[in-house]
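Consider the single chain below, provided in structure tokens and representing the form predicted alone.
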């Protein structure tokens, strides 16, 4: 599937760079109190959706997408209209959800992305139902805390029983708001999925590792991938976690060298201009 690993990595980096600089612009406006409603920033978690979006693009698949509350990077990675998301966060009527969804419920029929209703993990149930009725390839993004909800467990059971073409992506940032995973449970996502007889993988947010596990089996059987990632910003708003955060985006930028630097600077300027324009 991936004939040139460097080109693949650069393409993923481009998607991730769009996400990162978009979120940095949002962060500035939260700090200045230009945006005063709750905002769920995905900076630090962009490599999971960016990599998966690149894989489905190569495979020429247009799946149904059910994003979680921290969904800006999902929307942007899969080709959502940047201008419409900016307008949404500014509360304008021509935003992606007409200025009424805000950060939480971004939606785009153009990319088959359905808005989140704010009830943690409900997108797992809704996405499962949509896949069951349509039999279309479906991607459901949830957080590690949402995986603990009973109705999410019921969804996994149904997906496995009916052998639906679904990929569950767990963005595992180790937090439920501020409570760490080891304070909440004694099991891992991979173990849970295997109990439901689902194909499952546990990995870091490295693009080549994600590709390795998904390139052959994507949508051929129910699959859950638990991707360890790090959030840079706090649960909602502009606070930052106190711990040192490993940043896959900065690591990849360094590894990819000058091409990535030039691309990143170009995207940074573009995001700044788009926010000023809208």
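Numbering follows the first chain given and starts at 1. Just so we're clear, the structure is a prediction, and the values are computed from it rather than from any experiment.
Below, we turn to the form predicted in complex with a small molecule, even though it does not appear here.
- For the options 98, 132, 151, 196, the one in contact with the small molecule in the predicted complex, meaning a heavy atom within 4.5 Å, is 151.
- For the residues 86, 146, 156, 167, the 4.5 Å heavy atom test against the small molecule in the predicted complex is passed only by 146.
- Contact annotation for residue 175: at least one heavy atom lies within 4.5 Å of the small molecule in the predicted complex.
- In the predicted complex, the small molecule sits within 4.5 Å of a heavy atom belonging to residue 69.
- Although the partner is absent here, residue 125 lies well away from the small molecule in the predicted complex, with no heavy atom inside 4.5 Å.
- A residue is said to contact a partner when one of its heavy atoms sits within 4.5 Å of a partner heavy atom; residue 82 fails this definition for the small molecule in the predicted complex, lying far away.
- None of 157-165, 201-209, 86-94, 138-146 except one has non-hydrogen atoms within 4.5 angstroms of the small molecule in the predicted complex; the exception is 138-146.
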